[in-house]
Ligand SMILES: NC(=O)c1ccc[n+]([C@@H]2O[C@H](COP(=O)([O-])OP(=O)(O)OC[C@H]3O[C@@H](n4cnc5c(N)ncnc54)[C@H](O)[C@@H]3O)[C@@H](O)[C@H]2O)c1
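As a starting point, one isolated chain is supplied in structure tokens, in the form predicted on its own.
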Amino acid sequence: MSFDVLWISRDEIESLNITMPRIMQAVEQGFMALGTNEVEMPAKIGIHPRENCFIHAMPCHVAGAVDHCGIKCVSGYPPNTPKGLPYISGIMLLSEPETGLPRAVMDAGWITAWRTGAASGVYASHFGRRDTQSVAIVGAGVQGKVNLIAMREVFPKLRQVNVYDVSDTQTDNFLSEMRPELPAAEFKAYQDISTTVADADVIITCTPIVESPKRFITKDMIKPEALCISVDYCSAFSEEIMQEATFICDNRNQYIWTQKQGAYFQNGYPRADSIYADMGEVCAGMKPGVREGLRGGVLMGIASHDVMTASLVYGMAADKGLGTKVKL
């Protein structure tokens, strides 16, 4: 017996013009479900076909009133960037929870980028200072851009954007694309890390996830009460920063599991007993956000983000008649 599956391309997803606040709302709903134990989500497993490269499988079922499930197969290949190929790529599959039949297949690159920025935005909304005016973006690729869009939604007083990237081309592209997004902000590109982060209220690192991280941002470089958001596992912020901060992860189980496996997560970062909370606990109201002192978050990316964002995409695409039905 054959049945139809909806194929949704990246161009079709982008044509939906889904706003960052809508994705943040979906991501936070997923966090809340995690906090209330309505989610089945094993830690993402992966293979590493080349040095510093990964291919991850990320299944999830957000149960309860939401009842969405799916699995993402996503790869991260830093060597792709100089080749003009995407660093992050993959496929997202949504399944029907009642029957297990595939419902839709869609590009995972866009979903990964936007749900990751949205997760940073949700974290910042609970832990950022209301009067935040400056942000430093370390890594000016896709994640740097989308994370800045999320910060714009959270911090209406944002007036200073510092940016650093090892590639001048990446930096120039970032400046040309992001200046129109924040016309009231002053943008500054720097050639060194310490100047980039020195006066920033929020520091977001979006560098490649690597096997042997250099951790080049040290505590003496940053403000005593900075909000430090790591989108690159443990690649950029020093151990001292995360050990002394009020430390948050997106999901406790995945963080601890990954730390024990050793792949892309070396020793030195907070252990289980030093985690203040994970974002599921915070969004479900079990732990309050903290807006004072040094705060650090490692947001590794979790499958609930993908399922919630993909379900939003699927619903809007179906309403607009987008996508191609493929018979299996």
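Numbering starts at 1 and follows the sequence shown. Because the structure is predicted, anything quoted here is derived from the model rather than measured.
Heads up, the form predicted in complex with the ligand isn't pictured, but that's what we're talking about next.
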- [ ] May I ask you to choose, among M32, C60, A26, L299, the residue with a heavy atom within 4.5 Å of the ligand in the predicted bound form?
- [x] L299
Open item on the list: Only one of C206, V161, I241, C234 gets a heavy atom within 4.5 Å of the ligand in the predicted bound form. Which one?
Closed with: C206
Open item on the list: To test your reading of this chain, name the stretch in 150-158, 97-105, 182-190, 208-216 whose heavy atoms come within 4.5 Å of the ligand in the predicted bound form.
Closed with: 208-216
- [ ] Using heavy atoms only and a 4.5 Å cut-off, decide whether all three of T112, G139 and Q170 touch the ligand in the predicted bound form.
- [x] yes
TODO: Answer with yes or no whether V166 is in contact with the ligand in the predicted bound form, where contact means some heavy atom within 4.5 Å.
DONE: yes
Task: Contact of Y87 with the ligand in the predicted bound form (heavy atom, 4.5 Å) - done: yes
Open item on the list: Would you classify N251 as touching the ligand in the predicted bound form, given a 4.5 Å non-hydrogen atom cut-off?
Closed with: no
Open item on the list: I'd like to know if T81 sits close to the ligand in the predicted bound form, meaning any non-hydrogen atom pair within 4.5 angstroms.
Closed with: yes
